[in-house]
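Here's a solo chain for you in structure tokens, the form predicted on its own.
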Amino acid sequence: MQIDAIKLIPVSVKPVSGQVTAQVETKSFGAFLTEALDDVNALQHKAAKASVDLAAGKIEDISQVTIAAEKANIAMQLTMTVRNKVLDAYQEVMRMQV
């Protein structure tokens, strides 16, 4: 009885006609960082506008202003934490002896 060797055949996946292939959007780190900072900035502006609207009497529900302010505060704290971690990592790299 003879046993045949295992043959390795490359597997290729062909898309089925009519099937939409998912495209993975790749963004650079700089684009991601810019987008994240823009989001934080938008939250800050939204909180400031909510405060002004509350003072002007346009908003009667103070919880909306509080929620907007807390969202902005948490986003800013996260941004500062990430910034501090990046600076710590940079300083650690600069202290390395070559």
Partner chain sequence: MLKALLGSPRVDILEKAIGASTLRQKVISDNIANVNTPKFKKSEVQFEELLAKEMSQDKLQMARTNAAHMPMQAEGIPGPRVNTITQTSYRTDGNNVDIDTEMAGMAKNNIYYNAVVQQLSGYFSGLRSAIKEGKG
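Residue numbers count along the first chain shown, from 1. Keep in mind that what you see is a predicted model, and the values were worked out from it rather than measured.
The next section is about a form of this same protein that is not shown, the form predicted in complex with the partner chain.
A residue is said to contact a partner when one of its heavy atoms sits within 4.5 Å of a partner heavy atom; residue 51 meets this definition for the partner chain in the predicted bound form. Contact check for residue 40: no non-hydrogen atom falls within 4.5 Å of the partner chain in the predicted bound form. Remark: residue 31 does not count among the residues lining the partner chain in the predicted bound form, judged by a heavy atom distance of 4.5 Å or less. Of the heavy atoms in residue 82, none are within 4.5 Å of the partner chain in the predicted bound form. Three-residue candidate spot 47, 56 and 62; every residue lies within 4.5 angstroms of the partner chain in the predicted bound form by at least one non-hydrogen atom.
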